[in-house]
Structure formats: C-alpha cells, structure tokens
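The chain below stands alone and is given as structure tokens, in the form predicted on its own.
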Amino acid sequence: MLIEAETVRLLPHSSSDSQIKYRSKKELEEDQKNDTIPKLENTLLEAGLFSAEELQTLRNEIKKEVDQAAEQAQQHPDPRPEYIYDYLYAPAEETAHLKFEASKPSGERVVMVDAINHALKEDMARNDKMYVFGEDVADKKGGVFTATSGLSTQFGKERCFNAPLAESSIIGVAIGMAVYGLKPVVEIQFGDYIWTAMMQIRNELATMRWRAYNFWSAPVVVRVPVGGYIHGGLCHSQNIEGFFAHLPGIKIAYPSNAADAKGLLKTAIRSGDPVLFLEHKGLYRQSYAAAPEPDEDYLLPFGKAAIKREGNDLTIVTWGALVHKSLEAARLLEKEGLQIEVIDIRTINPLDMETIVNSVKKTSKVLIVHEDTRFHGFGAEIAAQIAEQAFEFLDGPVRRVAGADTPVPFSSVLEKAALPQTEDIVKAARELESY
C-alpha cells in the first residue's frame, strides 16, 4: 500500500523565519483549518467518544508531561569533554570474540573477485541475518563484475536481491535494516556513483552509534568497486578513499590481493561498525593479485599494515593497485643496489602508523604512492603524520607519487599519463635516495 500525503508547515521553518514574508495571511488561515489535530478532536466529539471537558483534560495532561520532560532534560548534567570520542566506533567487547589470523591462507590460488564471492557465500551461510542487495547483484548477472554470482540462487531472492538504480535508497534501506538488527552487505556498483548517497552516509550511517551513545548502531558493509587502469574513463575510474577518510565513524578497507580481501571482508561483516569496503576492479582478475585462499574463518584485523618487502634504503607506503607497481619498482631498483621496503597499509581507517613510523626510523626516507589525485589525496594525511611523529628520523622530504589532479581520461594514452606508472615510482625513488 502506498499512501501519498501532502503536508504543509503551519509554523515557520526556523526561529529566524517568518512565513508572512512569502505566504499570505489568508493562505495560512486556510491551512490552519486543515490542521489534523483539531479535525481529530471534532471527529471524537461528534462520535461521542470524548466530551469537550475530557479533551481539555487530556490536553492539560499532555502539556504537563511535556513540560516535566523538558524540565528534567534541562536539569540533566552536561557531558564531560572526555566523552567526545565515546562510541564513535563499536566498543571493544563487541568484537572481543573475533580471532584474527588464526590460520594462514593455504588453499588453492584464487583471484580477488572470487575470494570476495566466496567470503559472501560463506558468511551468508553462517549468518541468516545477512542480506546482500544492490544494482544487478542477483543471478544471473551477479553484479557487473560477478562478485555476487550465485548468491540469490543459493540463498533465495529474499536475501540477495536487485535494488533500484538509486544509491541513496540502497544506503538508506541498509541503515534501517542494520538498526533493526540485520546485517546488510550492499554494493554500490561503481565508486563514481556513490555521491547521491552521501547525505545518508555522512549524516546517518557514520554518526548513528555516536549520536545515540551506543543505544543504536548501523553496522552496514558497503562494497564499492573503485579505481582506474581499465580504460573506464572519468565516470568509472574514481578513487574515493580521500573523501570518506574525512568522515569519523566509518572504517575503510582497501585490499590489494585476494587473501587480504577475503580476510578483511569477513572482519567487516562480523564487526559492529559501518565499513566502506573498496575493491580495485583492476585487480579483480589479475594473476599478480591472486593468492592462496584462506579458510572460511580467516579474519584480518583492521589497522594492521603488511610489510610486503623489507629494505633499509627507502620506505614506500602504498595501497590498492599501487602495491603491485611499487613492488615492481622495488625489484627494478634492487638491480641498482637499492633495498626498498614496501608497506601495504590495507586499511585507510584505522591507519597503522606504528608500522609506517618504525619503517621510517629504519630507512630515514619515505615515498608515498597512491592512485587518487595528489592534491588532498589520502597520502597527504600520511605525510603529515610522518612529519609529526618521525620528523627527526627523516633524511629527506616526504615525497608523493600520485594521480594527476584531473579526472581520469577516456583516452588510453591520457589515462596512462594521468595515473601513476612503475617508471614514475622508480624515478621518484631515485631522486629521493640521492637527496
């Protein structure tokens, strides 16, 4: 049933507003005649269910109750300043039962998109409160990248279903489900289209637990394919981690390989926080991003970086697709006698600064490599924290290799120029090492 209700404001929008400026007195009087509360009172009187005296008594009782509640609220002591960070994220006891890295990935090699698919299937079988929905996620398509292939067949169309092409609706429905106690794991088809849901994400999802002081929570997992190098042009190639890292209350994962993707996604699903799970679509089927598959209970903790290659001469801090280009650059530089340490941060929020700072103390030089635009990219935050925490250990400036400050072009020639390449990393590392 759909009920369409036309409503008007009988009072100004705010204390600084005056409807007289834009509505006539006659129009306001006509609207007041349609006020539903007096209409209900008249209906009750005509039906003989209440007398005028009884209605007035009821009004007085309600006003007294409201006044008492307001007075009680005014008498409540102000919160202490140290409470400001309380319940920004789930309390530790909610995830104390999770056992991280209890095994090692040792199954057959699997590409990243299949590892994600397996993680979804395994946890849907484990948790009957988990629902997957988004644009084109149901069979037979299983998402434009097949990450959700087979879910609706195995678990039914009630638990894996297609949503309208409306990202705000997808996130809004997911928030409602999560507050109710369900576990929605939704897909936004491309990072480039998430912006219409930004109000829901910023104002509702990110703040739910904090503003409710842990009375409510909305642990939604939002899977989002991101990134370039696939000739997707300016509407299918964006990296969005820099925008969302600015929102307190949301955790962000950005894996670079199949094993990490499965372990981090399972942690996201089993945790009590909203998670933005970024999947680089250029890595989905790459052999160099494939890995031995972890078992169904393999969990990776958020906030723990991986040292992908050890070295003493220079540190590269990176994530996503640039992990592999950084490793390639490190192999090339090894032929020149340079030992490069490569750190894959794996999660944007929380960020493992301890591992980064320890590496900088060892190498004294650091190069930050990421795909997103250089200006206001997340690398700038890492550089700032290095300057604050490890300045005295630096023997050179913190350098960045990042995408051009332009949209990602359609032309394959221009795309290559706009996105960081292995040779860009090699060049920057040489310059920094000779500083």
Partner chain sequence: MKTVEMVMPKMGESITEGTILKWLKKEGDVVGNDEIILEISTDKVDSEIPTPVPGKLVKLLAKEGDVVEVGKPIALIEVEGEEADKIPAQDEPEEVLEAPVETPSVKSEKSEKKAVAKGSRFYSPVVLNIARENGVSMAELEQIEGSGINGRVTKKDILNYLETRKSAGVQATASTMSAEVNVFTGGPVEVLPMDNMRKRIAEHIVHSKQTSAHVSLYTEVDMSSVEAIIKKNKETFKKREGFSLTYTPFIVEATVKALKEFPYLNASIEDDKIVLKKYYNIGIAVAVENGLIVPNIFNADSKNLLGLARAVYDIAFRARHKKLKPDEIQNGTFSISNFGVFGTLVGFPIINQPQVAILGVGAVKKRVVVINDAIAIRPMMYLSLTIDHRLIDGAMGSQFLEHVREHLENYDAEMTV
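A quick note: this is a predicted structure, and the numbers were derived from the prediction, not measured. Positions refer to the first chain, counted from 1.
The discussion below concerns the form predicted together with the partner chain, not included here.
The single option of Glu54, Asp395, Glu41, Asp31 touching the partner chain in the predicted complex, heavy atom within 4.5 Å: If I apply the 4.5 Å criterion carefully, the residue I get is Asp395.
Answer option from His324, Lys121, Lys266, Lys365, heavy atom within 4.5 Å of the partner chain in the predicted complex: In short, Lys365.
The partner chain in the predicted complex reached by all of Lys361, Phe391 and Tyr435, non-hydrogen atom within 4.5 Å: Answer is yes for this spot.
4.5 angstroms heavy atom contact with the partner chain in the predicted complex for Asp114: Flag for Asp114 set to no.
Touches the partner chain in the predicted complex: Asp313 (any heavy atom, 4.5 Å): It does: once the partner chain is placed as it appears in the predicted complex, Asp313 has a heavy atom within 4.5 Å of it.
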